[in-house]
Each structure stands twice: as C-alpha cells, then as structure tokens.
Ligand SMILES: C[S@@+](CC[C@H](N)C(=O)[O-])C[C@H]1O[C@@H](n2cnc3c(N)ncnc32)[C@H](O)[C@@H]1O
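Coming up is one lone chain in structure tokens, specifically the form predicted on its own.
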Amino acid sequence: MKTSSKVRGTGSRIQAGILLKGGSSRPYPLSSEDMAFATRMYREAVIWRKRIDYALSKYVRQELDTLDFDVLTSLRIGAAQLLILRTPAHAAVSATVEAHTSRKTRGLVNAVLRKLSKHVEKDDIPDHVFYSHPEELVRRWESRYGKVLTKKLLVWNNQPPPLGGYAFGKIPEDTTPGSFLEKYRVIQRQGAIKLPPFFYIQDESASIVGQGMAKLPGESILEIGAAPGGKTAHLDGTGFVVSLDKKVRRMNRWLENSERMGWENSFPVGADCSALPFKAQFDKVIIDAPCTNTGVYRRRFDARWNWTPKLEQGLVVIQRKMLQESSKAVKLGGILVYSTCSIEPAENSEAVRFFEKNNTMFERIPFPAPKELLTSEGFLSVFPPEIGLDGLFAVAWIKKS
C-alpha cells in the first residue's frame, strides 16, 4: 500500500528528529527524496542552531535548554524549515507538529512555530549568531582575516559541499574534473548515483594532500591516523604501508574501504597514535593529526559546536607529542609528513616551528602540490573561500645526519 503524501511529510520530520537526537533508526520506509529532505532538515538544524535558537528564544518563555528535549528538537526542526529552507509555513508547521511524539506538548510546539512563521529577522544580528558559529572563534578569525574575509569563511562553512572523489580506476561518466587534479571528479547530485570501483569519495584538497604524500620517496611507509583510509587510498601501491589508528569504528571503515578498493600493500594496526607500539623505522612517516577541523566545517558540520579554546590547547599538546614521537620512526634520509584539516596557526605553522626548534636533524622540503597552494615557506595551506576547497595543511621534512 502506498504511503500518503501527508504521512511521507510527517515521516521525513520524524526521521530528521531522530537524527538530531543522535539516533539512526528508520521507523518509516522513506523514499530517497524524503530521506534526503530529512537529512537536509537535520543538517540545517545543526549548522544554524545558534541562529535558530536566537529566533526561538523570542517566542518561548523559559530558557531553551530547560525545555523537554523532544520539544526543543521539534522546534529546531520546524525553525530550520521556516528560517533556512523557506518551506511554506503551513507545511512546515502542520507536518512538524504532527511528527511531534508527545500529544501533551504539541500545543506548545504548534504555538511557537506559528509565531515563528511570521518572524522577521533584523539586520543587526551579530555575525556569529546569524552565521551560527562559536563567538570566540569568529572573533579570532576577524582579528586574523578581517571582517570581510571572515564573513566569506562563515558563508562557505554553511554551504552544502559538492560530491566528488578521486578516480583510481575508470573515471565516472557525467562528471567534471576538479580545479587542480584531472583524476579528481565532481559528480552532480541528481538521482541515484552508481560509482565505478576504485573511486574514493573525498574533497579535492584531501586528494591533493594524498597525492603529495604518495609522490614523496619511500618504499616502507608508516601512516599515523590512517582511518578511514582517505590517504591510504593514495599510498597503497607506492610501497608497503602500515596504517595505524586507535579508533575502532574508524578502523572498521578502513577495513571496508580496503576490501572495496582492493588494497594489497597496506596493513592495518589498531594502537595509540601518540605512543608508537613498535621501534621499527620507515622510509616515510605520515601523520594525519587529530585537530579542531576548522578547515572542514562544511563537511563536518557538527564539529563547530565542539570547538573551545581548551579543546584546541589539548589538541596542540597531542599534535606536538605525535610529531616528536613519530619522528623517531623515520630512517636517516627518510621523510616525515605532518598534516591537519585545520586553518589554525597553533595547529599548523606554530607546530612546525616548535618541532623544528627541537629537532635540528629535520630539514623542511617543499610539499609536492600545485604551486598556487604552497606558501613561501613550502607549506601546503588551503584557505577555503580563497581556493574553493576544504581547508587543509601539510608540511614535509627530510631527516639528515
């Protein structure tokens, strides 16, 4: 029996609420279009949370964080439709209220969303609220980049990213090449997508870093922070790779990608990346360091809400320890590579200077990448709104006697 359009609309809102509450169940057999709409509502509710809550607070008498969580979830899903997606008010309100699980509080959800449907946003909303980012982080960026460039970064972070990836085999049909790599292909998000084997979904900046790592010399390779395999895809076949990561879920994804991609020269190891479990040395040691993810907020759209100065400070300590410990695994004449998906100097250029001050045996060399992406110091550094790719950083050294 076919599901009515009303139930489909309600089902997509229920699904969005489940996702927003951290669940993964699918109580309704939604079509691909309805599932895509549910995912879009969830994404926008997460990204625009601060702007949404700012508007909701004008129509809710109590503090939002004191509301029943189901009520707050429904309000955010409804507000995402009204303020961001511009869904017609009658559809956004009625279907969201119908999807709300508790009949006792449907009246509250209905009343607030009906008021919100007539809400007019003023022009004087602070940028950190309107573009929905942590206030202190926005202030930092404004101090570093200026208000104009920071606003471009905020807009960039909130946009849905394109779908693309690197073709290690046959190039998919109906795709366009990337900005820098011919084998990087951008796919149009229309209908069901059937990708050929050996196609790895990632941003072009990640492919540029992976290709650069692969071009650096070295037949024995230690890859630290390997999961879920975005860099391994480029390294496999260039030598024997030991792929190290401590997160079980991500290593399971690495194993799935290894089977799908047919990696034959990469060996997975689950271990703490900050203290290597062996004393072997390698021709090439690659560190994909844990970081604040500030360069990839448009893809890891929930990561912005984890950012705090304390988080960054803690990660800096880990990054420096990883660099120091991992450098011991580099053979004389070998290569050390450090990369992050952050745009923060503390995690990038300052980490480089700290390492070089304490490790004079390592001499910096230019990272193999398009010259447009290299700084005068030989770093690969991608600033999203200027380059049009996710923000990434990479640097390479050779170990001399």
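Remember, predicted model here, so these are calculated numbers, not experimental data. Note that residue numbering follows the sequence shown and begins at 1.
A second form of this protein, the form predicted in complex with this ligand, is not displayed here; the remarks below concern that form.
Between this ligand and the residues 226, 241, 138, 113, the one pair within 4.5 Å by heavy atoms in the predicted complex involves 226. Just one of 182, 259, 272, 302 comes within 4.5 Å of this ligand in the predicted complex, counting any heavy atom, and that one is 272. The stretch in contact with this ligand in the predicted complex, judged by heavy atoms within 4.5 Å, is 244-252, chosen from 114-122, 141-149, 91-99, 244-252.
Taking non-hydrogen atoms only, residue 212 never approaches this ligand to within 4.5 angstroms in the predicted complex. In the predicted complex, this ligand sits within 4.5 Å of a heavy atom belonging to residue 230.
Taking non-hydrogen atoms only, residue 109 never approaches this ligand to within 4.5 angstroms in the predicted complex. Under a 4.5 angstroms non-hydrogen atom cutoff, this ligand in the predicted complex has residue 289 among its neighbouring residues.
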